[in-house]
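Form predicted on its own, single chain, as structure tokens, below.
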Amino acid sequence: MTNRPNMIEFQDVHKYYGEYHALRGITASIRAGEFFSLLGPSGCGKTTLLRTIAGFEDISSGAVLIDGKHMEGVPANKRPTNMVFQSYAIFPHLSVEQNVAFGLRRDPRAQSEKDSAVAEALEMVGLKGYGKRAAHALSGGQRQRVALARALILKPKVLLLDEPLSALDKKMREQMQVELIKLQRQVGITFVLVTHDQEEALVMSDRIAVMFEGEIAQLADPETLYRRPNSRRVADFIGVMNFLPARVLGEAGGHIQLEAAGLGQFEIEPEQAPGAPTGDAASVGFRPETLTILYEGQTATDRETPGTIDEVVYYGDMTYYDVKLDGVEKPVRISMRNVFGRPVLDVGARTRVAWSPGALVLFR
């Protein structure tokens, strides 16, 4: 994937709405054949950035390139892109095949070729045999597939997805996430997804751009974003992250020496400290699954610290514990898989928590 050429390039892109600065110097690239996500809270600029690719929004300054060509002055209908909207924009009075064929109405090909293209697109999205069905009689997941087929039939170089799964229930959304991944691999074109759902972005993407207030805070693959966020704000936005107050004591032998509440003194590697913090107050972050509750007879492979169970939330396959480490007022969240024979602990129980310095990230 890293050797593929860039399909989309943003070069210092700014967008103003009057005095409101919606996009603030976006510089990034999206590779050919990549499943790329723009992730962030409402109002961060992710949909605006997507619309600059589609040609629905003009930029105030900078440049947007698609497949090496500048898009300045190129209207939406002349760009090698197509979009699936949040609402799907399905025509309820048309059949499924009429909806899918809508984009071919000016296509010079013979009707038989168009019919073959429609049948191929419907089969691609798992709707073979649905062509004659009325669009208004479809489920939410089926309407989403029709919207995908209608976009893909034009064979764009880039498919833009504006929160296409947000209207689906949890089970259908998870099913469609997997189907979209398979579809993207099958067609091999660049997908750009806008979402505010962190889990959705982690599951579906080759790379993710996390946006806040019109800027890209971090652009990385899902594992790097999750394991090594470059700021506390990104860490707090992506999944669940525990934070403990810490002090940087110094550096020795290429390691950063720290002291953290509830954990004591330890060392971490420089790559665990984005921004290379030195001196005074800081905080360390770690994910719930990187801590382990030790049961009777178990010993820690690295470090352990005592604590008290403050809250228990049972999810069937997992139990989430809020544990107050000794000397720390705010509890930390620990996730434990419910394997056979492992008891669920009660609130108020004393426990020991295993942890490793290698799982921590240092933030200023």
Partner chain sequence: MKFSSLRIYALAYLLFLYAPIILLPLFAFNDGTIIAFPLKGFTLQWFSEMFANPTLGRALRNSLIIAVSSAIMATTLGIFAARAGTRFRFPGKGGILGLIMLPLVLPEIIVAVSLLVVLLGLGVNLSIFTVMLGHILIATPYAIAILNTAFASLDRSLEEAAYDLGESKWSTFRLITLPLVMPGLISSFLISFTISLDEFIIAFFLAGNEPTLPTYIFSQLRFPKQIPMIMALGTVLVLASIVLLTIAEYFRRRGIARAGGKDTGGFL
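Numbering follows the first chain given and starts at 1. All figures in this text were calculated on a predicted structure; none of them were measured in a lab.
The same protein has a further form, the form predicted in complex with its partner chain, not shown here; the description that follows concerns it.
Using a 4.5 Å heavy atom cutoff, Phe56, Ala76 and Ser87 all lie near its partner chain in the predicted complex. In short, of 102-110, 188-196, 210-218, 260-268 it is 102-110 that has heavy atoms within 4.5 Å of its partner chain in the predicted complex. Out of the listed residues Ser205, Thr81, Gln144, Asn242, Thr81 is the one that sits within 4.5 Å of its partner chain in the predicted complex by at least one heavy atom. Only one of Leu249, Ile181, Ala167, Leu154 comes within 4.5 Å of its partner chain in the predicted complex through a heavy atom, and that residue is Leu154. Within 4.5 Å of any heavy atom of its partner chain in the predicted complex lies no heavy atom of Lys128. In the predicted complex, at least one heavy atom of His93 sits within 4.5 Å of its partner chain. In the predicted complex, Arg51 approaches its partner chain with a heavy atom inside 4.5 Å. Shown alone here, Arg233 lies farther than 4.5 Å from its partner chain in the predicted complex, counting heavy atoms only. Taking its partner chain as positioned in the predicted complex, none of the residues of 163-197 brings a heavy atom within 4.5 Å of it.
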